[in-house]
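First structure 1, then structure 2: two forms of the same chain, each alone, as structure tokens.
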Structure 1
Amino acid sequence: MADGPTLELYSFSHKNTSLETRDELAFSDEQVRRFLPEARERLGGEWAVLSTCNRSEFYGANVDHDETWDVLADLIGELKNVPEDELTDPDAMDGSEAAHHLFRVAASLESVALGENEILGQVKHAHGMVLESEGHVSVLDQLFQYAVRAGKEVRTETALCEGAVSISSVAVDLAEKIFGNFRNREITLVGAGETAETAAEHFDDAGADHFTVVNRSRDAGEALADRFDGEYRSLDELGETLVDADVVLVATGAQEPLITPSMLRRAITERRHNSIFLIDVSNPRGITPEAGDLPSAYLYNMDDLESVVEDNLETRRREVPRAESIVDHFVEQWERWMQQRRVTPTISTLARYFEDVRQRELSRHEGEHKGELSESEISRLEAFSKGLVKKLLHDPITNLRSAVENNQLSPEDLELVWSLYNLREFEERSDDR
């Protein structure tokens, strides 16, 4: 019996793998292009790789091998130069469990930051890599189509991905609410570390196009400024820099506040009381709290931002049941599609079996009555036998398809059909002809 399409998954993620190992297992596009044909060569079937900052996952369909992971581990080790004994055991799933996992990933239910949006684009990219590869990829093509659709529907039908849930993105959202947009707005970053860099990325994504970096170290400050076509200034120039700034983000490790009320008061006077948005994500604080009491100054510190993050996270958490329901719906569609793929070979073989019986019986009848039957009678027998076979097949085929549509078809049902008509023996005879 043709068992129909199968699906399996081997997953390394933040849930089961250290950051160091995840870094080692991160696949570039070129490595994926090398992996896919090699996996097909060694294991058969169809293969896909989903590689992000927090996961490397390997999806296989129609793989017929007794030691899939051992072979896969060898291949990964060769491509990534990671000794097999250093690879932790992946989370292994198959069938609907594997599909359910991918759909949750696409819906951002498996992300470190619940509801983050980047993962859907990464799933789309992995799908594109599958389509670029050579060979038959119909099962994984369909799987990733369902995954992308599930991810899109979660984003349009729920609030799971709404509201920023990182300090930097919250800061950008709040600033955008004050200014409307960042076109021709001056963004000043005090500090040039990872936090300032992440914030700059969020501002850049939101449309900011004027950056100034103020930093103690000239090299680090210029490097960050150059990345965003901005300008570097030293800490000694901070006061005059505030005069032109619309948004100021302070992210340093200085032990004393860098922006004081008196410094800010002078800047506000020179800027004719135009609004200035201050974001303090330093520890200890980089802006004296009293600076927020000045007119035209809007000051947010870590406590303020973390409160917004928590509120947004709580909103996202409340959306999880609705998102899970959407994912479950697409898993049902996937299962129905898989069942359809499994039942199609059975229907095709059953129809060929009946046709073979029909033709053999016609030949036998014609042979027994050779010369007794006219062309017209033979033609009528042909038409009669075809009609009879069609009617005999109607109910079995209709019921099989209906069982698929209603998600009621079990492997045992298909096994019974194959056993009742000895379809395996029939296939073997057909192959020998």
Structure 2
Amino acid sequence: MADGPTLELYSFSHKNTSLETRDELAFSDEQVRRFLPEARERLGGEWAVLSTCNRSEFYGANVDHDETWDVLADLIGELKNVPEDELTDPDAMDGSEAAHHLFRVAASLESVALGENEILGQVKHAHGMVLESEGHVSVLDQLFQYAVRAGKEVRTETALCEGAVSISSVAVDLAEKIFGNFRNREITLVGAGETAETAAEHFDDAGADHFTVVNRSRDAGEALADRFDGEYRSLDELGETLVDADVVLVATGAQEPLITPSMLRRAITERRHNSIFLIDVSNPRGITPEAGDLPSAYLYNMDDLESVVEDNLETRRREVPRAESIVDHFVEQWERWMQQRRVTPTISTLARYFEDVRQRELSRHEGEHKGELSESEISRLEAFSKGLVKKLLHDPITNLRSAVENNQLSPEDLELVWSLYNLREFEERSDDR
């Protein structure tokens, strides 16, 4: 057929769906494993599901069905128990638009947090699930390969994903810029509330393994310290704790600063002037601002951290045009690949058609001159006709391929080739035979 492969997409994301519906639509790996063969069974073609906390997207290739979405909605409803009325309005795209969307997703241009890194891993995972599924998946395999490459190149060639964009991750980034990594570094949390816990989680994720919790309430302090295999100390021991601390996060509701310049100066002398990073997310302030003037102390409060977040977001926003041009480049590559996929069946049908004509003409000629032609003459005719067909096909095939290479081949051009030689009728005749 001249139409070649097709691609379609049905997308539910933060842009068109409520959080509740997105939660209901989230697919586990097991559900994806059940969905893929079922969708292939009911609709044909190749299928992929990209499911993250912010999007559930269904990619179909070579699907030949008039009411694809209706069938798909039934299937999703059966698998996920989502009421049908909530599945009425996905963003539907096809062809290059669908590919462009996936490449933007992989590049993190469609993410709620612009430039976040997790999405590329999720796209890779969806690709892996496609490859695991049974049956022919060449179109979606290629599509996801391009998507992953686009996502990687955006991360390598632009600063779209650079710089932390949450308060806790900025604190971790800054600490890493001072200490490099957290191996054998002492993280001291002053306060045992939710903020301290969230920060501790971030430092834990970044590889920190020595935690000390300093808190007025022993129970809460010990509970948080236990969670991170750390040590509890009372507020009276804060001065001594600072001697060994590398990162100090103060998140309390104390009305007076807990860390003063004189306390810090003493600790810094005792710690032989090694650098100390102080993070003050208390309200009112838990560290006297002048403490940050000491040579070895680096002090950041909430306003400072928010300002870093805003600067990083601005940097990411400035990178969007560069990231988009990389995505566009991959869409062009994808379109070229699809063109090649379209032209390959045309070339093979054309070659089979010419070969069929050659053999029929040769048989007719042999029939008309039965007994008159020697074996060697028949061989020479055979060779001659093969050479002639090869010569006749050489230029059209070369030109078709170079038109694809140069992106100059339209579906109409291909259609013309099929009409000129009645290739559809020829294929039907071949199928009948």
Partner chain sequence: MQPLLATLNMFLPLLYAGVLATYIRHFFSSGRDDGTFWGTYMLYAALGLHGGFLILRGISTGHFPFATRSEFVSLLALSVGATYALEELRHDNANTGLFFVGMVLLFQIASSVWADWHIADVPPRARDPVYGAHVVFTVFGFAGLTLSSLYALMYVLLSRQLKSRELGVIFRKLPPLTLLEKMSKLATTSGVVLLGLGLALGHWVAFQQFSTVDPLRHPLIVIADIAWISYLIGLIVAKVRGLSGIRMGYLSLAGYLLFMGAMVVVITQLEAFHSFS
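What you see is a predicted model, and the numbers here were worked out from it, not measured in a lab. So that the term is clear: the rigid core is the largest set of C-alpha atoms that superpose within 1.5 Å between two forms. Residue positions are counted from 1 along structure 1's sequence.
Form assignment for the chain places structure 2 as the one matching the criterion, namely the form predicted together with its partner chain. Treating the motion between the two structures as two rigid parts, with each C-alpha given to the better-fitting one, puts Thr346 and Val139 in one part. Domain rotation between the two structures, with the chain taken as two rigid parts and C-alpha atoms superposed, amounts to 21 degrees for the smaller part. In the core-superposed comparison between the two structures, the CA atom of Asp246 travels 4.3 Å.
Comparing between the two structures on a rigid core frame, one finds that Asn184 has its C-alpha moved by 3.0 Å.
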